[in-house]
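Only one chain comes next, encoded as structure tokens, the form predicted on its own.
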């Protein structure tokens, strides 16, 4: 502990004390106004969208500072506030690393502490973009939910969608300019999904508000891609050594970063293209490619690796059988269902993903990726299974991933080591494996219509594939199951 205390904390005043080679904000942060309000100021946003915006501010300036909002925990706000809202991002490649200080976040609001402050910030006349990283489960809307409708009636929303609708109602009342609402989550057609969720909630409250939103608010689709692990316990000490200062909000990520956006911003936007953003009419193709290949493979690694006793993605990929399984899953079962963007090489993309998954610097934990499987797997892999069934193609690898997910949801791995199941349906999922046999488990899971489509729940091939995968994992373990599957030649 004494070692930690000898370092000064990162701050505006301490920037000149940083070690040489650290990239700093070269702009006067006080001179630029806020133009972006971001919901969900977690690690991914701070290592992705905030970095792109920081680069634009470095190159061109402009009123594009970010006000962030944390919806569930004050920890990010408190960490950043103690450091003048500065933090470091260290990106690691093959034998290289680079650290920069990010200055694009002006402040962070902890929404539950002061909901009206967030609503006021979202409806401010200077805000031109409201962006979100709220995970897939944040887009689910039940129009009869007492929590949502009551929160709106009391002008004290609790969810991201409710905050959006409440703030848009205030913007309408004040006559403020239109905004773009920018989803940066791993959802196919994420802008369209967000638009539907907002309009559903708005129309359940005030039809005229829904009409105004349709006429004035844009919902661009996006694809975001960068692997950003949760902060490892050792990262603060490592960052201290490289900075010469303490940074409690430091992040580590990979060199690779990609952001594809549909260009629909009624009140303007930063010149993100200067920082590498691609504005494209083919966002949907990029989304499908990334969600099914990168995210689908990540889920496979998370569940199989965790059941095998592995901690991180890189550790899992270092085993020959998981490495081969993941490559075959992507090449044999997933890639044939994808229409790639123009001039995009899917084989090279898969090779790139394999290299990224093996990045030992990231310490990306399997349990982080394994969270919220009930809301992730339908778009990542189950839709692929449906398409392959329609074509009478093999789905053995996808069935194995679903079997591994079911076993993960028991709350312990194959060695009996217990873990928390973090999922919007966790209580239901934990109960489903209390039944007598894997056959019963699968039948219970297939009854979950929010996860499995009618086609999959009624498919004998899919059911048998998942049951057989479960039995093999239980009796033979992960390694032997994968070796047997990897030795097959089925396409």
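Nothing here was measured: the structure is a model prediction, and the numbers come from that model. Numbering follows the first chain given and starts at 1.
There is another form of this protein, the form predicted in complex with ligand CS2, and it is not shown here; the text below is about that form.
In plain terms, the part of the chain that comes close to ligand CS2 in the predicted bound form, with a heavy atom within 4.5 Å, is 292-300 out of 332-340, 173-181, 292-300, 392-400. Residue in contact with ligand CS2 in the predicted bound form (any heavy atom within 4.5 Å), chosen from 227, 129, 109, 169: 227.
Listed residues 283, 369, 277, 406 were compared with ligand CS2 in the predicted bound form; 369 is the one with a heavy atom within 4.5 Å. The putative spot formed by 38, 45 and 190 is not touched by ligand CS2 in the predicted bound form; no residue has a non-hydrogen atom within 4.5 angstroms of it. Ligand CS2 in the predicted bound form is approached by residue 186, whose closest heavy atom lies within 4.5 angstroms of it. If you take 349-366 and check each residue for a heavy atom within 4.5 Å of ligand CS2 in the predicted bound form, you get just 364.
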